[in-house]
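One chain comes next, on its own, written out as structure tokens in the form predicted alone.
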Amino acid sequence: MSPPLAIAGRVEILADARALAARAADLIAGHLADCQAPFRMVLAGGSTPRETYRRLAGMSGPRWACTEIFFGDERFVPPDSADSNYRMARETLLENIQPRKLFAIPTDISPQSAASRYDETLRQQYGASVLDPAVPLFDLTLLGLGADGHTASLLPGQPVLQERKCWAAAVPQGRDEPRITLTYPALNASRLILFVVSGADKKEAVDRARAGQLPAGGLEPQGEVVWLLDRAAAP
């Protein structure tokens, strides 16, 4: 019998999207309450984490002064665009906190150059150019899940799914706009991966990803994985 996949992780099912956001905020805040600098946290984009970020912004417990914030992916649009993950995070969370450091993904150059710059930023903050399995790159990585099984911008059928050297890479196709994403090696090097998934259209993707299928199922996490699902998304 094959060993259980790490990506299957632990599952918590919440009643609805509101309860999901509350639980996600509480869990994240708990990790930030007694963190030591540098505590590296990756923010997810998209619509699902909006309410989680709003709740976090109003909490007094998190020690933001020790937290270094990164992004799992970014659409290649200006930072003031309505489609920008950075803008969403800024308006819901970042304007109300003072993190130790903030590392937005640049979009003022070409996608490939932006990915290379972010890759170098990650290596500088990590303090080495090669990942050590005993030393996580990130302490907490927040991820979503698309109905097609993508997470961050690891999109189905795109060459980025085969990338194993770079920690950040450009994804020029697969969506209306190019994207920059963290790659499998970077995401795998997380002490905790927290999936937050809402909606009945994600139900099949959750089931298949936890079975090791789809782009999200291609993760091979070195640390703990927790799936927070609202009842509609639960397989």
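Numbering starts at 1 and runs along the sequence shown. Quick caveat, the model's predicted, so the values are computed rather than measured.
Separately, the form predicted in complex with a small molecule exists; it is not shown, and the next lines address it.
Per the 4.5 Å heavy atom criterion, the small molecule in the predicted bound form is contacted by stretch 138 to 146, the sole one of 105 to 113, 138 to 146, 124 to 132, 160 to 168.
By the criterion of a heavy atom within 4.5 Å, T183 is excluded from the residues contacting the small molecule in the predicted bound form. Contact check for R75: a non-hydrogen atom falls within 4.5 Å of the small molecule in the predicted bound form. In the predicted bound form, G46 approaches the small molecule with a heavy atom inside 4.5 Å.
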